[in-house]
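Just so you know, structure 1 and structure 2 below are the same protein chain in two forms, each on its own as structure tokens.
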Structure 1
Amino acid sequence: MQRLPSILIAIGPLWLLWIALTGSTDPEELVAGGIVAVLVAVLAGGEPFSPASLKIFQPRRFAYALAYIPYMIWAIIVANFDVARRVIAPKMPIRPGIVTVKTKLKTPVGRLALANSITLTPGTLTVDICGDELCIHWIYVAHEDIEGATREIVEGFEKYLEVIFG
């Protein structure tokens, strides 16, 4: 029953999500949402909601998590324009390839967040993770070596994720 704490932690956010999606506080909706939240939590409640995840509410981590949102939005906007430019340009300036980068993040959830962040920014796509190495498809390979690619792709995100999930 060591999953029990994770399940209990998952119920709250899931229930709030239901309320936000239905947009009503009818008793019927609240009960239905509660039942669904418990079901989903029992079926899926695992590591992302482990008691360790509550550490996100430590002030320093929480501040970095908040700061990460605008950082991520900005990264997505810049990268979208970059890819859009490559699509439009008649000569299509692409130099695709799969490069390897290294991450300092230790926790599985932290690595998931990093891989997702990299994939969300257009131009880079996480194809696979093996241990502390990520294989990334890059639409314009600027650095073929691990160090250069890591500096270019990973370190911006890692500064934040290290604190948030570290």
Structure 2
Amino acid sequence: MQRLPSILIAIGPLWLLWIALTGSTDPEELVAGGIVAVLVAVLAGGEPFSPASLKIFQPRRFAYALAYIPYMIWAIIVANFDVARRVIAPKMPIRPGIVTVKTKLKTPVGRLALANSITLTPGTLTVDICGDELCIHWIYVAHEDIEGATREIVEGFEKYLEVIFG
């Protein structure tokens, strides 16, 4: 019963999304959309609209989320050029390997966002998440120790994600 308020809150936006996607205000469509909205809200447990999930709309978190987008784009561009240089110049060293990094992020969603951010950046791939440690396949292992690898791979993303997700 603790999720009931979140479920009830979720029904409205889901129903409005149905209307926007179908583009119809026929009574049959509205009823079908209402039924689908209730089913989705109940099956999801109102999760997208739980009080914890709505924290993203706090001004500071929202600002960091907006600032994270250009940071992520820049990280992807820089990593693309690095990988392209390694492909074009065969003398450019590669030293592939799997390293372990630690994260300060406490929430599963925050860790997931970090893992996805790392994977979207060319040259790195998140292999596994175990608690506060992530196993990363890295095209050039510059640091074998956890602290050095964490500083190199994680810190840039983490300063934003820690504020956004906690």
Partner chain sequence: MVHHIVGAVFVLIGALFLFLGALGIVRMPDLYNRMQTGTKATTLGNVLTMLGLGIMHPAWLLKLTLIALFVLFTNPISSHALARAAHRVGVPMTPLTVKDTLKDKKPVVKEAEV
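Here the structure is a predicted model, which is why all the values come from computation and not from measurement. Counting starts at 1 and follows the sequence of structure 1. Basically, rigid core = biggest C-alpha set you can superpose within 1.5 Å across the two forms.
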- Item | Form predicted on its own - structure 1 or 2 | 2
- Message: For residue 153, does the CA position differ by 2 Å or more between structures 1 and 2 when the superposition is done on the rigid core?
- Response: no
- Query: Can we say the CA of residue 20 moves by at least 2 Å between structures 1 and 2 when the core is superposed?
  - Reply: yes
- Task: May I ask for the C-alpha shift of residue 8 between structures 1 and 2, in Å, based on superposition of the rigid core?
- Result: 6.0
